[in-house]
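The chain below stands alone, shown as structure tokens; this is the form predicted on its own.
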């Protein structure tokens, strides 16, 4: 079953089960969106909301019967929740997730789980040791067109895939100050946007080994070259996979892209190509196509309300069981690639995994 079908089935079945009691830590734009998606799907009972901005927490909890506003993570965990949704600055994710897991609470965390592979591995190890469900919001897997082209790749419809081209250019960049604080953000456009592309690229092929990573990072047009004090706003990376395929990945903030965003994931095989790309600069609307020579076939097009599907799928799993799901271990492979991109080897441009 595809990710899309799984999420849709989850939405239909949720009403038949007891809804888990869930808390929400961090209700900025993404936190509010995930909360609203789960509420609208009938996926959870919202027990409580917390945010350092109390007015934001109060606004998010309004019109949700029974939802409390509490001052902290500790206050949330005292409620003995079934699950916790974390949407706070990156630097806080790992410790907050670990605290919740150790309290016996399942976790759905915004990406990334950790600022490094070591932090990510620690979070996964804790989830495994306490036998609690842990998931990261890799939402682009749930774009309907993405699941369709993955199914075609798996079925061998474009032959042996030898190349991929993935881009995510955001003409604006983040609107929160913490994104530009290295201590809080952990990096620039790579950890913000590139993480989605890396995850999609590896997910398409069921997470094969990565043989080599080569990268160049820029900040305001100047090479970063291993300077950890700089937050990159443009990055280009090449991944060489154990399958023999090579993937080119590029991401940026504030690029003069001529539109709000350019988002694309294309894969090329010995018998054709497949691509998903955003429509007219949209961050939300995607079209999937199949290529044969100079011809193209549309496989999927908007509308597609995909943004909350990852959260709903987590809630559905939680309604069945709070036990550990080994799928989270794939987050470590993505974190290892990001480590290679950000590592000291950036100065020479190459890294091996």
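Numbering follows the first chain given and starts at 1. Predicted model only: the values in this text are computed from it and were never measured.
The same protein has a further form, the form predicted in complex with a small molecule, not shown here; the description that follows concerns it.
Non-hydrogen atoms within 4.5 angstroms of the small molecule in the model of the complex: do 92, 96 and 110 all have one?
Answer is yes for this spot.
Looking at 199, 233, 192, 119, which is the one with a non-hydrogen atom within 4.5 Å of the small molecule in the model of the complex?
Only one listed residue qualifies here, and that residue is 192.
Between the options 259, 176, 222, 154, which residue brings a heavy atom to within 4.5 Å of the small molecule in the model of the complex?
Contact residue from the list: 176.
Could you tell me which of 312-320, 44-52, 60-68, 287-295 sits within 4.5 Å of the small molecule in the model of the complex, going by non-hydrogen atoms?
The contacting stretch is 44-52.
In the model of the complex, does residue 30 come within 4.5 Å of the small molecule, counting heavy atoms only?
Result yes; residue 30 sits at the interface with the small molecule in the model of the complex.
Check whether residue 140 has any heavy atom within 4.5 Å of a heavy atom of the small molecule in the model of the complex, and answer yes or no.
Yes, residue 140 lies within 4.5 Å of the small molecule in the model of the complex.
Check whether residue 278 has any heavy atom within 4.5 Å of a heavy atom of the small molecule in the model of the complex, and answer yes or no.
Result no; residue 278 lies far from the small molecule in the model of the complex.
Hey, in the model of the complex, does residue 25 get a heavy atom within 4.5 angstroms of the small molecule?
Contact check for residue 25: yes, within 4.5 Å of the small molecule in the model of the complex.
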